[in-house]
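In structure tokens, one chain follows: the form predicted on its own.
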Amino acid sequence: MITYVKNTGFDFLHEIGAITSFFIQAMRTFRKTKDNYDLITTQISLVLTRSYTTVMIAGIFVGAILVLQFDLMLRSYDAQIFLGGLNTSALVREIGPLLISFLLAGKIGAYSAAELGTMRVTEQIDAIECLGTNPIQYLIVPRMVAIMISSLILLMFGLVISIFSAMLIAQVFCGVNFLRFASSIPRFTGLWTISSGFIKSLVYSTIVASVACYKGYTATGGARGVGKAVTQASVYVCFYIVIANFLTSYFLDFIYEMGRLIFGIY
């Protein structure tokens, strides 16, 4: 049992190191590349067109569900005036970034891993190398950058949909009109809350892009290997995002408290 735990721990650390090295290599290649922007914009358009309907539907129902749950709690304390602020703060700070990252992992991450894995096992990537082209520059960088940029665009789109959905549900089912709902939003959702949400979204999308591209790029073993790479990419991304959620939340809260102490912000 001890040996199994030890080997699992070493494998986990090795995997983290390999993915980190792969990401650093891709970013170095991106920094040295000047003519990749057409490929990046193409990938961004592909990610957005494949994801916006899913994000829209999920945003509608997440906003509706969340506002009903907050209303159930706040009604008991006669504090419905805070419904809009608490609901929006939770969406911006936690629910939105997590939702977008999980949707990207399940749809774009798995697709990227399968696409790159198929190219690897059918020796298309080897052929690209033989032609003198850097596959990291041509295949990996556009996909990684596109996923990271698209996550921020999808986050803004999803938050707008969720907030308007929450406002509508609050009006119809909770007896809280639009003005009352919106009046408490500035109190709970300031610049720091918005910045935290976008920072988390960027961190999570980096994980999605790095893990998915790494698993697809290093796939071996034919069709079975591609399937394994896709499965591992989806599972590992969700696992790493949960860990990153804890670490980023703790780190951002620490920075916020230090800012309050140093600059006297309350």
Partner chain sequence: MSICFDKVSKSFGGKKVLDQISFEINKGEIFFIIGKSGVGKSVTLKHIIGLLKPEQGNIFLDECCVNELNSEELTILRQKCGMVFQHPALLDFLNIKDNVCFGIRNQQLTAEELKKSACAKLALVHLNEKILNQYPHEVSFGMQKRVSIARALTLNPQYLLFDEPTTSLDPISKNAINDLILELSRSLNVTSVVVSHDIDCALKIADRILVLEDGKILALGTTTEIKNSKNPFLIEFLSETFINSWDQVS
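Positions refer to the first chain, counted from 1. Please read these numbers as outputs of a predicted model, since none were measured by experiment.
The same protein also exists as the form predicted in complex with its partner chain; that form is not shown, yet it is the one meant from here on.
Proximity of E94 to its partner chain in the model of the complex: non-hydrogen atoms within 4.5 Å are absent; the residue sits far from the partner. Looking at L131, you'd find a heavy atom of it within 4.5 angstroms of its partner chain in the model of the complex. At the 4.5 Å threshold, heavy atoms of A105 stay clear of its partner chain in the model of the complex, well away from it.
Although the partner is absent from this view, I140 stays clear of its partner chain in the model of the complex, with no non-hydrogen atom inside 4.5 angstroms. Heavy atoms within 4.5 Å of its partner chain in the model of the complex are found in one stretch of 147 to 155, 121 to 129, 164 to 172, 68 to 76, which is 121 to 129.
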